[in-house]
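The chain that follows stands alone, in the form predicted on its own, written as structure tokens.
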């Protein structure tokens, strides 16, 4: 194989695979990127960790067709440091690869491209168009609540389901202590009878792809995989094989108290108060009275903190405790200037929403303070 590629193009291709390739694995191929030619003007760059695979198509001048498998990290570090705008890759005997750019020259040892794992073919999957900005927003509002405990396998992804009419998509994430749910209009959705669980790592990569300016994108599902496509890049994800819990049981049906407050002021007050919160508990006490909210934290080794804010509230007083990080995580994905914290009693979950936005809510379990 012998090709020449614009440095920014190859650098972008290799950057996209860095979050997928395995740094340490019993299979050396999982740390590699597979580069193969498609005709005289295109190459594909492929990476996989066996759970997630990415395939991107990029412009190149192909002198000799073929394929090579090289260490993804080392190749990326080299390419992004090159001084010229054109780089050539030429396969040598014994799977060595020569990388040339002006007067800069590298030789890397490659591996057998035939040993590179296959990525499932998505040709038979029915794709449906999605609005990139909407999908990115839905991912941002749920990804933070995904469980990081791998022993709770069925919670290590975001649950996706369509309404019976196929007109709205709902995404839900929970770690057992908090829950985030968002619903948005989306046409042409496939029938998801029981919903699917998309893995956290896969959605993180989808979010990265959508950070670029994208006008068109599409998604598709099978019983075992989810596919996402945009601008010549295809991301294939193996779905989490598990049953997502009935999240509707966690969402309170009726809430007796509603507190309206400025989002930024509430965030700042939480951060200041949490400076003296015990590290393990990460708890903040919230005392609610007519027209005001008091935040406090007590650390026996350091001291105590207390701050009062004026808020929109009329009702019976209540004292409740929350993990301040859960509140801050939920607040960080809200764009509204004002937010609503809805409560029932000291033992029931709290619900945080934007005052004007609809379709999204964060449910947070209380804690003893």
Partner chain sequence: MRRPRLCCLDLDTFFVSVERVLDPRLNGQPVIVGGQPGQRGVVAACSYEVRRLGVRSGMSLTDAGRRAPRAIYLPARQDTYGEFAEQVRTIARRYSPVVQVASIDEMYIDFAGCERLYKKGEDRSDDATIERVVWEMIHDIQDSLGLPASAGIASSRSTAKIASGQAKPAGVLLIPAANEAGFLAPLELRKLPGIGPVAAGKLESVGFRTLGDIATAPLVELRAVLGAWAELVKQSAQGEGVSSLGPERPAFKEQDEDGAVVSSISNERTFSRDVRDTEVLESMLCALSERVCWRARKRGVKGRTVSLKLRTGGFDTLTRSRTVGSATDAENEVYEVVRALLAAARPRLVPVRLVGVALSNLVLDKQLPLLSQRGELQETVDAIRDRFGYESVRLALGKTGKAHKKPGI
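Numbering follows the first chain given and starts at 1. Given the structure is predicted, the values throughout are model-derived calculations rather than measurements.
Quick note: we don't show the form predicted together with its partner chain, though the next part is all about it.
*Asks:* Among 176-184, 108-116, 85-93, 130-138, mark the stretch whose residues have heavy atoms within 4.5 Å of its partner chain in the model of the complex.
*Replies:* Stretch with heavy atoms near the partner: 176-184.
*Asks:* Indicate whether residue 152 is a 4.5 Å heavy atom neighbour of its partner chain in the model of the complex.
*Replies:* Heavy-atom contact with its partner chain at 4.5 Å: present for residue 152.
*Asks:* Is residue 367 a contact residue for its partner chain in the model of the complex, using a 4.5 Å heavy atom cut-off?
*Replies:* Heavy-atom contact with its partner chain at 4.5 Å: present for residue 367.
*Asks:* Would residue 103 show up as a contact with its partner chain in the model of the complex if we use heavy atoms at 4.5 Å?
*Replies:* Because no heavy atom of residue 103 falls inside 4.5 Å of its partner chain in the model of the complex, the answer is no.
*Asks:* Taking heavy atoms and a 4.5 Å cut-off, does residue 280 contact its partner chain in the model of the complex?
*Replies:* Answer yes; at least one heavy atom of residue 280 falls within 4.5 Å of its partner chain in the model of the complex.
*Asks:* Which pick from 195, 71, 245, 199 sits with a heavy atom within 4.5 Å of its partner chain in the model of the complex?
*Replies:* Among 195, 71, 245, 199, a heavy atom within 4.5 Å of its partner chain in the model of the complex occurs only for 245.
*Asks:* Exactly one residue in 250, 99, 293, 269 has a non-hydrogen atom within 4.5 Å of its partner chain in the model of the complex; which is it?
*Replies:* The residue from 250, 99, 293, 269 that makes the contact is 250.
*Asks:* Each of 300, 349 and 363 near its partner chain in the model of the complex, meaning some heavy atom within 4.5 Å?
*Replies:* Heavy-atom distance to its partner chain in the model of the complex: all three under 4.5 Å.
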